[in-house]
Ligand SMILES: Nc1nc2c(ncn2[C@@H]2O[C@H](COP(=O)(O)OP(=O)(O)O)[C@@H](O)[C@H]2O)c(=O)[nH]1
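Only one chain is included here, represented as structure tokens and corresponding to the form predicted on its own.
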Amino acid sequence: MGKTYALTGNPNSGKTTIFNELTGSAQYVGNWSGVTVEKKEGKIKNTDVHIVDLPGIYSMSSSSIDEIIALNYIIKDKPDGILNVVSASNLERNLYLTIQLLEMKVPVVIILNMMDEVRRRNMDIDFDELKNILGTKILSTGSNDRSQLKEIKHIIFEDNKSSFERFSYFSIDIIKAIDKISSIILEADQNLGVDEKWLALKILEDDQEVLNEFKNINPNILEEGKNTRKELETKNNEDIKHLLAKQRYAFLSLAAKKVIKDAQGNLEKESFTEKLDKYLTHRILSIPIFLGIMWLIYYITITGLGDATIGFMEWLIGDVITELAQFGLSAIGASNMVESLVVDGIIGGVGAVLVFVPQIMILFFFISILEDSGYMARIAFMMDRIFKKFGLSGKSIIPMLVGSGCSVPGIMATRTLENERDRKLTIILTPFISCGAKMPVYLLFATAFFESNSHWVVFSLYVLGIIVAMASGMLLSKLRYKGESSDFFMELPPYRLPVIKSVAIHMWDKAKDFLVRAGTVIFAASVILWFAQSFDFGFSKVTDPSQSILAILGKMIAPIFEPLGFGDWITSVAFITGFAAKEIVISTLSVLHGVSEGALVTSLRGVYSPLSAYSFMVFILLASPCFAAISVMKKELNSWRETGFAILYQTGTAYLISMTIYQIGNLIY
């Protein structure tokens, strides 16, 4: 069996890019055991060495779910070693995690990333001195030079025991305390499966997350740790965790001065990042610039480059695939019912969604560029100032940004929020941010009713989602989730050129998710919809869809939506089926209107007005998300009552705002 290495690093250290570089396409995604946080694994190309991509963390202090996941994996799964990605452009801050890993006495190989940024500042790093200080293998890499990564295949099969002098940077009193507690552990002869000196440090820190993993530890050892901790805190008049952190940073500060060459002379010179941030994070200009960037992305995605893809996809699915299917079915003598199922049900339903795949890929291409360039971190920084005024934590913006791709990982990302009040509030508000699954619905209706201004319409929905989330934050923080929001600290990475390979992988991952959903959930839903609109409750074939099972059910709920401007039974059914996946809304409309994706636009124009079409898009934007997101919401909130409130609040808000838009619009026009 091959070796397993864990990949660690700070957020924005380039860890994901390194993971993609090492594993290529040989990776798969799951969840960490017991938690709904994404887990990536892969194999180093041309080897049987597994890489487990741990969440991006700043330390091993177990203060967040990401840190707990990383710590538990190293303790329980015992990887053969750690590949620690360190940003060379922020060496001192990144090495804090490194020395905590070395304290655990596990083999560590350092991948010193972003060396090109260091050299752009006319600085350099003394590798020999850094290796001497850390006593471990170091590889250097940058966006323009990945050649040293090839050496990783040789290094991982070597003995990578570090000569690092653990705890040498702590005061004599702390070192003695660690030695004393570790001696008691050895005397107790307990086989706990971890290094006794590292465990002694954790006992001294009173790290409950770690100690919970060692429930059979001798109580006398814990008592000794408690007494020693009190003595040290009394003597130093400082919390033990702060004291340890301060001494680690003092050591790292001296180390950085030793290894960073010509740093002093160049720190005074304004960097490219600092020049750009004068405008992009400006107190007044930053938000208009951000909105302008998003408008441009939607313009290119919908009206510009994206518009050219629609015609091609409609031709491919409507003319080529449909005609080939009809020809093939006729050739084998298939019945009219089978032909209707395949052409009208499956191709009509799934094809109506697949038309928008190129536009979705274009959108995520630009989103990936914003992430890789470092600008997405600036968006979080800018929105923090605004969110605080609306009763939200600045940390809430991170799950919401993730939720713009899909609400499911967005809701999962709230696990990084330590404040329970902030976490619940963010879970409920994240689905208001428009996700990728809703985009095909917007594209269809915006193209049908606002052809010359479709990008403006979709952009307005994006902005509306943010406004509703902030307004809801203010309302709910005063009425239901009272309390102070937590402070938000984050490290702004330097701007960098996106790595095309990383952008392409991210874009393909999103497209693959979309295609998998089209081939499973949407395929199944299309077949069910075809059956339900082709038969009545007596299972007799109907010639008029308005007499079908779906029509009867749809007509029962249609009056509810009449004040919103779309009280026809087909739209009512589309909303209900959209709970399975928002893309199914298009499949439902295509199947029930009995037209191909190319003719669907014309058919919709006979049912909706531009005002009712916009009202429908707003309702799709704000109403409760799909079943997958609801199930994750339930798991994170750990309460059916809270989940029920979230669904009612989201759908009720969608209903009120859509009705207001339609009714006021009717009065004006």
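As the structure is a prediction and not an experimental result, all values here were calculated from the model. Counting begins at 1, following the sequence as shown.
Missing here is the form predicted in complex with the named molecule; even so, the following discussion is about that form.
Heavy atoms within 4.5 Å of the named molecule in the predicted bound form are found in one stretch of 112-120, 292-300, 195-203, 531-539, which is 112-120. Proximity of A308 to the named molecule in the predicted bound form: non-hydrogen atoms within 4.5 Å are absent; the residue sits far from the partner.
Contact between L497 and the named molecule in the predicted bound form is found at the 4.5 Å heavy atom cutoff.
For D372, a non-hydrogen atom is located within 4.5 Å of the named molecule in the predicted bound form, even though that partner is not displayed. The named molecule in the predicted bound form is not approached by S658, whose heavy atoms all lie more than 4.5 angstroms from it. The partner is absent here, but in the predicted bound form a heavy atom of G142, alone among G565, G142, G436, G465, sits within 4.5 Å of the named molecule. Along 230-248, no residue reaches a heavy atom to within 4.5 Å of the named molecule in the predicted bound form.
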